[in-house]
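In the form predicted on its own, a lone chain appears below as C-alpha cells.
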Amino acid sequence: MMRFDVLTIFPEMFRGPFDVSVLKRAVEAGLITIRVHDIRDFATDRHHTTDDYPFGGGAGMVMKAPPIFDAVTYVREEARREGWSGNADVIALTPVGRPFHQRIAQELAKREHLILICGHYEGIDERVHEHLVTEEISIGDYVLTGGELPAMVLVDAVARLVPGVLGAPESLAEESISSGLLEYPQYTRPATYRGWRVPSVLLSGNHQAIARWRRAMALQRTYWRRPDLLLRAVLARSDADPLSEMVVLPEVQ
C-alpha cells in the first residue's frame, strides 16, 4: 500500500482526476491512499496568506515557508496516527527539478509515502527546498501555471506501478517506455479497414515470429522518434540485426 499527500492552494483542481478510472478503483481497493490538503489552512493570518513579495525586489510573489512547513508537519503526524511509518519523501514539483521519466516513477513506486508540494507564482521560499524537500522533480521544459498538473502526472505514473493497481502485471513489463523502448504498433479488429490491412505476421499465430516483429518495430520506432532512449535502453544481442537495417551510414566519397 502507498500513500500520497498533495499540498496545494487549489485543492479543487484534484476533484476530478483522482475520482475516476484506475486511481479511483485503486483507492477503493485500499491499494493507495490519496489526500489533498489546502496550504491556506496552515496560514496563521486572518486572510490565510500563503505568498509574499520577494526580498531584493522583482516581479511576482513567492510562496511562504511557514505554511508549507506546518502542512508537512501535520501530514506526517496524521500519517503516524494512522499507522504509517512517518518516513515520507517530500517532493517539490518545480522547473528546477530533475526531469521526470519512467525509471523515476519506478523508483518512487517503491516508497511508502510521498508528500507533493505544488509550487506557484515565482516559486517557493528557498528554505523549503534546502531544509524540507527531499526531491525536486520537473515534468518538462515548459512553464505551467502551477504544480498541480505535474502532481497529477506524478501520482498517476507512480500509482499504476503499485502492485495490484493494474489488473495484468505483464502489461507493465511490455508497455511503452518501461522496457526502455517505445511500444510497437498495436492493431485490433477488423483485420482490414478501408483497404488497410493488419500486418500478416500478427494473424499468423506464430508467437515467436510475432515477438520478433514486435521487438523490431519497437526498435525501429524508437530509433526514428526517440533515439535518445536507445542510449539507456537494455538491448539484447539479437537487436543488432534490426538496428543495423535502420542505421544509415554516410557514403564514402
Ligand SMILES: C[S@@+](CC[C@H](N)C(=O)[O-])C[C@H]1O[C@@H](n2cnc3c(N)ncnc32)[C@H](O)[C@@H]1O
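A residue's number is simply how far along the shown sequence it sits, counting from 1. This one's a predicted model, so the numbers in the text were calculated from it and none came from an experiment.
The protein also exists as the form predicted together with the named molecule; that form is not presented, and the subsequent description refers to it.
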The named molecule contact at R76 in the predicted bound form, heavy atom, 4.5 Å: no
Residue contact check: W84 to the named molecule in the predicted bound form, 4.5 Å heavy atom: no
Any non-hydrogen atom of I139 within 4.5 angstroms of the named molecule in the predicted bound form: yes
In the predicted bound form, V96 touching the named molecule (heavy atom, 4.5 Å): yes
Contact segment among 158-166, 140-148, 67-75, 105-113, judged by heavy atoms lying within 4.5 Å of the named molecule in the predicted bound form: 140-148
Listed residue (C118, V90, V128, L154) with a non-hydrogen atom within 4.5 angstroms of the named molecule in the predicted bound form: C118
